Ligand code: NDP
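The chain below stands alone, shown as structure tokens; this is the form predicted on its own.
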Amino acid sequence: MIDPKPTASHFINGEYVEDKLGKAIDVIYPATGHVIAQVHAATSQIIEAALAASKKAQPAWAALTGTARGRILRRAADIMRERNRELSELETFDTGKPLQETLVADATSAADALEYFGGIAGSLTGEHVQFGDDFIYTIREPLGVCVGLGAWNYPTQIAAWKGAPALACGNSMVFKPSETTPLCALKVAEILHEAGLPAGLYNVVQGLGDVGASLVTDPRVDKVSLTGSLSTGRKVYAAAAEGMRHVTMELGGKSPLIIFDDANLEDAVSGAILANFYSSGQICSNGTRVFVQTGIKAAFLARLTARVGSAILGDPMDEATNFGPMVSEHQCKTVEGFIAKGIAEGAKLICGGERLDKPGYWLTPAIFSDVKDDMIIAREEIFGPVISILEFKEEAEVLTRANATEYGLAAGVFTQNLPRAHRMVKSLEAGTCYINTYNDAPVEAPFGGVKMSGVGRENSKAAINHYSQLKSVYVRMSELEAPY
């Protein structure tokens, strides 16, 4: 089993770097509550070293062909797959997610991103536009120095989802992981360097919000990409706007999952489980408002309760375990607070929502029925294993209710009536939609939200537009006239 203790706190200019003058940050294993490692927040000297290295290394990287850049990213993907188990164990130490889950959903997703963007790097070209005898051509150029700010729920994946398109386009990156899960991004940087990435192009620094603020506001930074909460996103977006920096904001959600009477019951229950209890409910796109049509509600609740009752809460390193702890004591208490509010407002707690009497941050999956649209648990993002079941009768009704939120990250529909499914997703106000499935996130598909759930897109060819810019060149082939 991998030793979770990192070589050093930061990875800068191709090597591990330590500076113990920075604030100590304990790394706590959520399954036990024990401190398993420690890193130090970046000092001003560490931040300067990372930004200076990024600024210096980027021009030579941009001057390489896209094919040459892509070759390194693809090699990194191969290394990551070879080390999937140890990277998955580290992700489990970092987040508490069961190894059964991390083996197939974390480092594998990061490797997919590196492979995908490595594969298309050589195709990132401009275009030629004939304009009579004259012509126009465009040049796709990198932005420069990019800053990535990660969330704690998918530390390996997010480090690669931001780094892969940035590097493919010829940028450099300084990545700051969440202080709650600081370990995995260091391994991503190490693997990239081992694969041949020149020093200085992917740097990792640790820290809290003050470190992030220093990065976002530095004049050398050209792009900021954040995965986080709406409250954090507002602050980062405003700070980035001061310097007219490019931004991608992947923020929170309160997504609707709509289940019609004609849905396949087992598939619909599977979708609800994936949309609410995978990663112990700590996924931004989760469909936490589950609208169930009247005719299927009783059967749906009975089957959901039975299947959730079979979840195995145990040692996350045991591959039989399929439900893990919350990431931290703070998050656990936050979710307990929402459960208490749900009960106080009159929602019916069918099962779960109990804190286990054992070390770590264990909370059993909670199912609420009889939830009303104006209840707090139906309006605010909980980010934990809490599902809210709301009843509906008609298509038009549920569409209006589903869209009645400031968020717009994701939405899902379960029905065997495909014309209705396509009609629904066309009208749902969400950037990422699902039909008869939920939370699939292949790198080939754009991912991102609308309304308060963010701006920009991650993954797919769409991400290239957020890590590059176009220069237009007009070429005149005839004499040029002027009025005088």
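Numbering starts at 1 and follows the sequence shown. Everything numeric in this text was worked out from a predicted model, so none of it was measured.
As for the form predicted in complex with this ligand, it is not shown, yet the points below apply to it.
Original post:
Any chance residue 403 has a heavy atom within 4.5 Å of this ligand in the predicted complex?
Top reply: Answer no; every heavy atom of residue 403 is more than 4.5 Å from this ligand in the predicted complex.
**OP:** Indicate whether this ligand has at least one heavy atom within 4.5 Å of a heavy atom of residue 309 in the predicted complex.
**Re:** Heavy-atom contact with this ligand at 4.5 Å: absent for residue 309.
Original post:
Might residue 176 be said to contact this ligand in the predicted complex, defining contact as any heavy atom within 4.5 Å?
Top reply: Because a heavy atom of residue 176 falls inside 4.5 Å of this ligand in the predicted complex, the answer is yes.
Original post:
Would residue 277 show up as a contact with this ligand in the predicted complex if we use heavy atoms at 4.5 Å?
Top reply: No, residue 277 stays farther than 4.5 Å from this ligand in the predicted complex.
**OP:** Taking 4.5 Å between heavy atoms as the contact cutoff, choose which of 384, 207, 155, 118 touches this ligand in the predicted complex.
**Re:** Selected residue: 207.
Original post:
Since exactly one of 108, 100, 232, 293 fits, which has a heavy atom within 4.5 Å of this ligand in the predicted complex?
Top reply: In short, 232.
**OP:** Spot the stretch among 122-130, 87-95, 233-241, 194-202 with residues whose non-hydrogen atoms come within 4.5 Å of this ligand in the predicted complex.
**Re:** After filtering at 4.5 Å, what remains is 233-241.
Original post:
Which residues in 431-461 have a heavy atom within 4.5 Å of this ligand in the predicted complex?
Top reply: Result: 447 alone.
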